[in-house]
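Only one chain is shown below, in structure tokens, and it's the form predicted alone.
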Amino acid sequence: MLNLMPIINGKAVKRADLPVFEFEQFREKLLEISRYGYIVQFFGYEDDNKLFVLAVMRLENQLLAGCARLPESYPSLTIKRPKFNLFERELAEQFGVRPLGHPWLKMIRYQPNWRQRPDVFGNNYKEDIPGRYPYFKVEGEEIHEVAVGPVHAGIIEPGHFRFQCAGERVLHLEISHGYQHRGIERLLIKSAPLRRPFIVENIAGDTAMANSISYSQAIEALGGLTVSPEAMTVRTIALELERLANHVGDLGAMSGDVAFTPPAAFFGRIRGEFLNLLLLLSGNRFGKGLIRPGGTVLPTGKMELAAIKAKINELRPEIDHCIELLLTAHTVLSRFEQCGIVSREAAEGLGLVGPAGRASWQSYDARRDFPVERYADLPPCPWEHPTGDVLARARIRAAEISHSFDCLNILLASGGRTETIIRPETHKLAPSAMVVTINEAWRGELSHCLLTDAEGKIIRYKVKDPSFHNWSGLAMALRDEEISDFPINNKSFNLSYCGMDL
């Protein structure tokens, strides 16, 4: 009997070596593995006018891959393993394959050809209401709905929240995306190779470093490129600066949502300091233009490294003091504790990743389990206080901030100075190959998967943002909470709209 094939993070394999299953056998394998394992990738692709599905599963610190021919319909995996929910919905909307018995089959993103697939989505989408999204309804005389978005205050991306409430109590929250579907994955296939890095680093502006590294690692694996240890050090420094900027910003936003304004103002200012360090490395406050396949585009000298070291040594005691102020204030603790709990069982069932997962007893960390760049030389991030609530998610961020400072001190002490810089160029990719890259972005596991044809052209580019796993966790956090606690719960996850609306 065939088994899924072990693969290595960031290492290309021949597609001919991947086991190809009959779909029913494939489904049983995935159900078996996902009982204790998790989904890294699960998506459809066309090859030689045939439709296939490829799965990459994570079982502890091992990756397993396999594929199967896709039938027109199949018994849903979500019924037994809820972690397949969004993956199956995406497969249905992109390829018209219906998961029979799926508990709530609707599109994730608006697709131009949805009217051509009434057999997939049934009567969920009415011809007389173009683009209308169906919502789950709780019945009862005292039940009322509260709709938030898709247009929000300020400059954040569009997304819709539909609350089913009994008074102030939230019985159910449904989250809808797809209001700004950009066709990123198709664009990455059609675009010229020199344009792809610019598209990748704009998938989500707050995750430009992690997406750039994930893309570069994939092209390096398929193109046989090597990266110098010095360039890896600079790339890891950039990723940690991105992590610091976002975690510090999130703690500030959480402070503001409970009206504890001094840390909110302080963290907001400090976030800019880390963005300015990315500016020092790349000429851009989000690090864009720095990382490319083969290494880094800009040189990093002693002056830049010394400036980074001086600034983080200046900021660390200030941040430590502010975190202590935030997480010991009784007014803050009264709002954070026992608020928005996601249980261990729910987190396991949904496959939560990153700080949100670790706050709910999920120990997975790609930096430790699938180390790339310089992470094999760095200490693991400690995770404590997994109580599943807003307080746990804040404490995990505080631990990540301290860990990033420790990592930066080690990296800066080891050098990282690069004088020879790479020139952007087109790289010939391995034919009929597949590669999966996994990195621990600041929200959690980020994965890119590329497939090439017999000529080395990319035929499928799949991006999976950590938010793809974690939006369902936010919905669970709101169960039986007061609707007034939605903002602080939303900030404690701080998930990406544009990372979903690919």
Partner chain sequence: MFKVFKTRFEQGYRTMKYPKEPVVLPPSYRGLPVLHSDCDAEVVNKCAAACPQDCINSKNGSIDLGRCLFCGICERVSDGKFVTFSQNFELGSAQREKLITSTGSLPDLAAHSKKHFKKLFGRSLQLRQVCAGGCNNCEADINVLATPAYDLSRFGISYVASPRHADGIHVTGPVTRNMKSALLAAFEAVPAPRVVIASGACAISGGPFFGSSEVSAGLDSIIPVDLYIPGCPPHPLTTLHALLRFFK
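This one's a predicted model, so the numbers in the text were calculated from it and none came from an experiment. Positions refer to the first chain, counted from 1. Definition used throughout: the rigid core is the maximal C-alpha set that superposes within 1.5 Å between two forms.
Form predicted together with its partner chain: not shown, discussed below.
- Remark: of stretches 180-188, 226-234, 401-409, 374-382, the one touching its partner chain in the predicted bound form is 180-188 (heavy atom within 4.5 Å).
- Within 4.5 Å of some heavy atom of its partner chain in the predicted bound form lies at least one heavy atom of residue 498.
- Heavy atoms of residue 394 never reach within 4.5 Å of its partner chain in the predicted bound form, leaving it off the interface.
- Contact between residue 343 and its partner chain in the predicted bound form is not found at the 4.5 Å heavy atom cutoff.
- Proximity of residue 282 to its partner chain in the predicted bound form: non-hydrogen atoms within 4.5 Å are present.
- For the candidate spot formed by 25, 46 and 175, no residue has a non-hydrogen atom within 4.5 angstroms of its partner chain in the predicted bound form.
- Put simply, of 361, 260, 95, 163 only one has a heavy atom within 4.5 Å of its partner chain in the predicted bound form, and it is 260.
- Think of it this way: in the predicted bound form, its partner chain has a heavy atom of just one of 156, 147, 306, 138 within 4.5 Å, and the residue is 156.
- In the predicted bound form, the residues of 284-307 lying within 4.5 Å of its partner chain by at least one heavy atom are, in order, 284, 285, 286, 288, 297, 298.
- Core-superposed comparison between this form and the one not shown: the C-alpha position of residue 317 differs by less than 2 Å.
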